[in-house]
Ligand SMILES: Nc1ncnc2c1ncn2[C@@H]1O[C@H](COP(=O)(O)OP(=O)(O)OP(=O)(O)O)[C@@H](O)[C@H]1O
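Single chain ahead, by itself, as structure tokens, in the form predicted on its own.
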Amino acid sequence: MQTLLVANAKGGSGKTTLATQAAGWFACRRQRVALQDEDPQRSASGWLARRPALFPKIEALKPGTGRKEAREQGLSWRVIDSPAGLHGEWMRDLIKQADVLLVPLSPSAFDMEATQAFLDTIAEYKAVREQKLAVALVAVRVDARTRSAQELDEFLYGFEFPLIAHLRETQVYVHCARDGLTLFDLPPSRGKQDWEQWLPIAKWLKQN
């Protein structure tokens, strides 16, 4: 079993969107996957409750489920949606359980400032220093035509962690959140452009 942790201490950075979509990617690849919602707002749990039964199954793990207990479920992947304000021992414990870490952020000065502090913190962790935990950045809600998108790229390329994808600002994610769906449940006429933006994330996860 592999554990994907989606984390950023900044609230509203796109963690739940990234976590639910990643779980959907695994499910559509016929891998047994579970979503573990550690956010007290339980947005990912609500999304999972709305997911139609006819789509590829994503299981639920209760908050606080440890690696050993999750492994006993026979999963291929466990996706953890972490809370805003993650810090201290809770952050250290979740990172210790993870095999890969995705850090989303959107093009705003507030997100960049908070993410700077978060990345500086995790860079000091032993697993990260020794490259035992793969870490990657994902830019979300990006409108490539804007100055803020350019500023975000300049900010992200200053880190040792790779920037692996840009996900556009689109109502498709809003509708998926509302209906318990993922991009990969949609017909090509609705999802093709966004599928293509996800391919680098899928490739990175496969390599790590």
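Position 1 is the first residue in the sequence shown; the rest follow in order. Predicted model only: the values in this text are computed from it and were never measured.
Not pictured, yet referred to below: the form predicted together with the named molecule.
- Taking D179, D153, D39, E59 one by one, only a single residue has any non-hydrogen atom within 4.5 Å of the named molecule in the model of the complex, and it is D39.
- Comment: 170-178 is the region of 63-71, 22-30, 170-178, 49-57 lying near the named molecule in the model of the complex, near meaning a non-hydrogen atom within 4.5 Å.
- Using a 4.5 angstroms limit between non-hydrogen atoms, A84 touches the named molecule in the model of the complex.
- Interface residue remark: G12 is counted as part of the site for the named molecule in the model of the complex, having a heavy atom within 4.5 Å.
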